[in-house]
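To begin, one chain is listed below as structure tokens, in the form predicted alone.
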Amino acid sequence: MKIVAVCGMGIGTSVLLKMNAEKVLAKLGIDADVEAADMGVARGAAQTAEIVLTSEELAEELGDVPAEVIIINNFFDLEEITEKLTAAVE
């Protein structure tokens, strides 16, 4: 499974989201490749990903992609990430 963590500029916030998603996936026993990307890279990466993790604002900017786009309100909240990823992979 390929997952893309997206932030608006640079790559700092997406790396944080990537690391937290990896923690959650490991706890759930799910094998996935999580990639951190800025918006420019994300549009292309989302074409081959199953899931995109991002903020509500950036989801709108990302547009129509074949991947399931999951809105994460707080990139630090492991409970939110766990809840939303669990729902997506069931």
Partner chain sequence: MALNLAEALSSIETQAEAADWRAAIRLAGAGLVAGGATTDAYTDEMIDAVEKHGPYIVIAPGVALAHSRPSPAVLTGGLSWVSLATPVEFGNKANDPVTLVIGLAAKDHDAHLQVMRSLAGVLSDGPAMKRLVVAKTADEVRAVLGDLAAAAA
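Positions refer to the first chain, counted from 1. Quantities reported herein were computed from a predicted structural model and do not represent experimental measurements.
There is another form of the same protein, the form predicted together with the partner chain; it is not shown, and what comes next is about it.
- In the predicted complex, the partner chain sits beyond 4.5 Å of every heavy atom of Ile70.
- Although the partner is absent here, Glu50 is not a contact residue: none of its heavy atoms lies within 4.5 angstroms of the partner chain in the predicted complex.
- The partner chain in the predicted complex comes within 4.5 Å of no heavy atom belonging to Leu85.
- By the criterion of a heavy atom within 4.5 Å, Gly12 is counted among the residues contacting the partner chain in the predicted complex.
- Taking the partner chain as it sits in the predicted complex, the stretch 65 to 90 comes within 4.5 angstroms of it through a non-hydrogen atom at Asn73, Asn74, Phe75, Phe76.
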